[in-house]
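Shown here is one chain on its own, the form predicted alone, set out as structure tokens.
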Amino acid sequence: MAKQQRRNYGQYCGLASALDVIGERWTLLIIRELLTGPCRYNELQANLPGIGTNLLADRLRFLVETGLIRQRLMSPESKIKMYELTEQGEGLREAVLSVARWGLGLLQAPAAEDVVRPRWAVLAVEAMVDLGAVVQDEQYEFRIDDEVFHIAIEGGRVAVRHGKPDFDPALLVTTDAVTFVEIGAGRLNPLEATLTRRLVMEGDDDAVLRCSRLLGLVR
């Protein structure tokens, strides 16, 4: 199949060149979904309410052609295909987090029809991380609605990953996606969320303080 011909800005500029690839509607939101791990086609469609299946297929095909994502089998024995970011696609992580961090400041109260997913709350978590607050290697587990994620601090680096930690976490955080996004947007005070049990942090007091500082919840 020949590569799709798409309009471009025709400008010899890094930003214009980037927007030629990621500037179309839905493209960065597909990248957002894959930043927290590989997804099946139906998972992407479920987490992108409002996108038509033909448009999603078109965007995925284009992103594969441009080398930002690739397909692979879930396992050698499986016929189920997954989409995941390539190294080039991973290169968008900091840019996406920066835009997400900026966008948190624009959020108002969620409307009744607004959709929120745990994976989006995790993006808010990663956007909130303050690397200057890293003190020691440890892991924190987050149970957001019906999904589990964790923050792994290793050698001064911080990674937010899907699934349970590799070993017992220093802290267990239980909340819902709306609450965490509202905290990240500065619309909900973490203390208020804790007192009302919308946010529950279980662990050693020092670990609670370290995690809170890492996420910029306390200074």
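In case it trips you up, residue 1 is the first one in the sequence shown, and so on. Note that this is a predicted model, so its numbers are computed, not measured.
Beyond what is shown, the protein has a form predicted in complex with the DNA; the following relates to that form.
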Interface check vs the DNA in the predicted bound form: of 57, 159, 46, 191, the one with a heavy atom inside 4.5 Å is 57
Which one, 71, 108, 88, 98, lies within 4.5 Å of the DNA in the predicted bound form by heavy atoms?
71
Which one of these stretches, 159 to 167, 47 to 55, 62 to 70, 28 to 36, sits within 4.5 Å of the DNA in the predicted bound form when only heavy atoms are counted?
47 to 55
With a 4.5 Å heavy atom cut-off, would you call residue 24 a contact of the DNA in the predicted bound form?
yes
Partner contact for residue 187 in the predicted bound form: the DNA, 4.5 angstroms, heavy atom
no
If we define contact as a non-hydrogen atom of the residue within 4.5 angstroms of the partner, is residue 81 a contact of the DNA in the predicted bound form?
yes
